[in-house]
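One chain is shown next in structure tokens, namely the form predicted on its own.
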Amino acid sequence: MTKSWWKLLGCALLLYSVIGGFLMPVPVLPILNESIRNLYFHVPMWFAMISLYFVSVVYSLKYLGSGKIEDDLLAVESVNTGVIFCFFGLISGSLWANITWGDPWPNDPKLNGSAIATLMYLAYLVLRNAIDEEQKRAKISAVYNVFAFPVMIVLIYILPKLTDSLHPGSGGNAAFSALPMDNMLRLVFYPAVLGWVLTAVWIMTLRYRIRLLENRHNTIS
């Protein structure tokens, strides 16, 4: 039980944020209106994705230094889980964009950068499947992964801030922190971010343990 406290915390925060996200009052904001509730779901998905991609980079670097297959498996399962949350973020973002901007995918630098970053990480998974030899696959994909992460940050965070973007905090638009958000909104948003990140890490560890079992079974066979 002591080792699972963070899993229980993640579940509790997730339950709290979902209930609070639908039932707690939100500030009345122009254009956004009730769609502001998507803040509790869309943005935490991206936090979870970036957290997992960062973990994957850490273990890719560890693999390059240690050569341990366990580090490579942790890296790839972090990406696999991160891609899932990436798609959740894209879907929830498209729904929100359709409501607030009238188009599920307007010509926006952040959206286009997110699409390129998604394809970049899908290419990472394709690259791994294209190489049969285990050590060669692990080394090449680890190097790719190390360079992919900073490029992803540039595409979804830095470039939108330097150009005209519809997203808050980009292109001269006010960030959500600058909007008149009351404490009730923050009381749900911050727990939602932590809850989704913890849940994402939990899913990644489950996938990693399954992959370890598969490797051991293949070795015995």
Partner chain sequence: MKTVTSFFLLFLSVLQCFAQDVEMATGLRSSGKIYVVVLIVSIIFIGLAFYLFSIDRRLKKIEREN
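No experiment lies behind these values; they were computed from the predicted model shown. Residue numbers count along the first chain shown, from 1.
Unshown form predicted in complex with its partner chain; subsequent notes refer to it.
Colleague: If we define contact as a non-hydrogen atom of the residue within 4.5 angstroms of the partner, is Met152 a contact of its partner chain in the predicted bound form?
Modeller: Output for Met152 is no: heavy atoms all beyond 4.5 Å of its partner chain.
Colleague: Within a 4.5 Å heavy atom cut-off, is Gly67 in contact with its partner chain in the predicted bound form?
Modeller: Judged by the heavy-atom cut-off of 4.5 Å, Gly67 is well away from its partner chain in the predicted bound form.
Colleague: So in the predicted bound form, does any heavy atom of Val26 sit within 4.5 Å of its partner chain?
Modeller: Judged by the heavy-atom cut-off of 4.5 Å, Val26 is in contact with its partner chain in the predicted bound form.
Colleague: Within a 4.5 Å heavy atom cut-off, is Glu34 in contact with its partner chain in the predicted bound form?
Modeller: Looking in the predicted bound form, residue contacts with its partner chain include Glu34, since a heavy atom lies within 4.5 Å.
Colleague: If the criterion is a non-hydrogen atom within 4.5 angstroms, does every one of Leu90, Lys136 and Tyr144 touch its partner chain in the predicted bound form?
Modeller: No: none of Leu90, Lys136 and Tyr144 comes within 4.5 Å of its partner chain in the predicted bound form.
Colleague: Could you list which residues of 197-215 come within 4.5 Å of its partner chain in the predicted bound form, counting heavy atoms only?
Modeller: Contacts from 197-215: Thr199, Trp202, Ile203, Leu206, Arg209, Ile210, Leu213.
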